[in-house]
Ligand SMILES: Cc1cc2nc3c(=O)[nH]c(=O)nc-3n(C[C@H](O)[C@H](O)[C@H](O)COP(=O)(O)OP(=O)(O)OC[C@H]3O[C@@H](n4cnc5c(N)ncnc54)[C@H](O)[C@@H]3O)c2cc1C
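Here you get one chain, nothing else, as C-alpha cells; it is the form predicted alone.
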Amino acid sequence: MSRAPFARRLLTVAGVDRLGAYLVLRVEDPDGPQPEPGQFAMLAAEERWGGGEGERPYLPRAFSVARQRGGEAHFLLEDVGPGSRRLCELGTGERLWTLGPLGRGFTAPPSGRRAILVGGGVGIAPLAILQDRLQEEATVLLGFRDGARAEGAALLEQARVATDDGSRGHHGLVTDLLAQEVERDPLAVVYACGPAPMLEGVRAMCAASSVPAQLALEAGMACGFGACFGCVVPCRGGGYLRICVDGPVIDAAELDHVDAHAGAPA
C-alpha cells in the first residue's frame, strides 16, 4: 500500500479541464508516491484558504485520486461549498498543499472474474484510476443527477450512463443497471463509490445476491490519518471503522448499512 510522507507537499497546478458540471484539477507531482486506486489526498489552496469573520482557515478537503499520469495527479472537483469552491478557482501555475496518498485502496478481483465499476456523481473519480490499473476489461456503470453532470462520464471509457432526469442514457438509477449485470453474472466483483443512498443500494443488492463488493466511502475529515475520529462509521457486529485509515475502501460485508454521511455528494 502506498503511504504518503507524513508532511504536506506544496504542488503546482498544471492545468484545469472542464467536464460539464465538474473540473479536473491536474497537479504536477512527478516525484510523489504512486497512489493505489481508491486512495485519496487532503488538499488545501496555498493562498486564501479560509472564510468568514477573520478569514478563519478551512480544514483541508479529502479528494480521491482520479488518475496519475505523466507526472500529474488528477482530482475531480465540484463546487459544493466554500472549500471546494476555492479549489475550483485555482488556475494554472497556482499552488496547493497536498497530503497523500492516504487510506486503503481497492483490491483487484481474482483472475477470471469480471469487475463491475459503479459510480455516482463526483464519486466516479476513484473508478477512473481503477479502470486504468485493471488487467482485464471492466463493465462501467455511472449515474448522475442530470445531463451536465453526466458529461463527467468521459473520465472513464465505455461507460453506460443513467440519469435521474432521463437527459442521458437510462432514465433512473444506476443500481437498475447493476441489477441487470448481477443477474447476468453473479460471479462478478463490484466496486462502487458515490452518494450514500447509491452505496447502500449497491451493498444491499450485492448482499442479497452473495456478490462481493468493495465500497469507497467518503466523510468529512479533519486530519486524514486517523487521529481525530471524525470520519467513523459503524461496522457489522459492533465497533467503528475510521474511513481515513480503515478505508476509504471497505468490504461491503463489514457493514450493516451505509450511513447517510458516508457518501460522495450527489
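One-based numbering along the sequence shown. Nothing here was measured: the structure is a model prediction, and the numbers come from that model.
The next section is about a form of this same protein that is not shown, the form predicted in complex with the ligand.
A.B. asks: Please determine whether each residue of 144, 159 and 194 possesses a non-hydrogen atom within 4.5 angstroms of the ligand in the model of the complex.
C.D. replies: Negative, none of the three is within 4.5 Å.
A.B. asks: Please pick out the stretch from 184 to 192, 161 to 169, 106 to 114, 120 to 128 that is in contact with the ligand in the model of the complex, where contact means heavy atoms within 4.5 Å.
C.D. replies: Selected range: 120 to 128.
A.B. asks: Using a 4.5 Å heavy atom cut-off, state whether residue 81 contacts the ligand in the model of the complex.
C.D. replies: Flag for residue 81 set to yes.
A.B. asks: Hey, in the model of the complex, is residue 48 touching the ligand, heavy atoms inside 4.5 Å?
C.D. replies: Judged by the heavy-atom cut-off of 4.5 Å, residue 48 is well away from the ligand in the model of the complex.
A.B. asks: Evaluate residue 56 for contact with the ligand in the model of the complex, applying a 4.5 angstroms cut-off between non-hydrogen atoms, and reply yes or no.
C.D. replies: Residue 56: yes, in contact with the ligand in the model of the complex.
A.B. asks: Report yes if any heavy atom of residue 202 sits within 4.5 Å of a heavy atom of the ligand in the model of the complex; otherwise report no.
C.D. replies: Contact with the ligand, no.
A.B. asks: Would you mind picking the one in 77, 90, 99, 153 that has a heavy atom within 4.5 Å of the ligand in the model of the complex?
C.D. replies: Only one option qualifies, and that one is 77.
A.B. asks: Heavy atoms within 4.5 Å of the ligand in the model of the complex is the criterion; list the residues of 238 to 256 that meet it.
C.D. replies: Contacts from 238 to 256: just 248.
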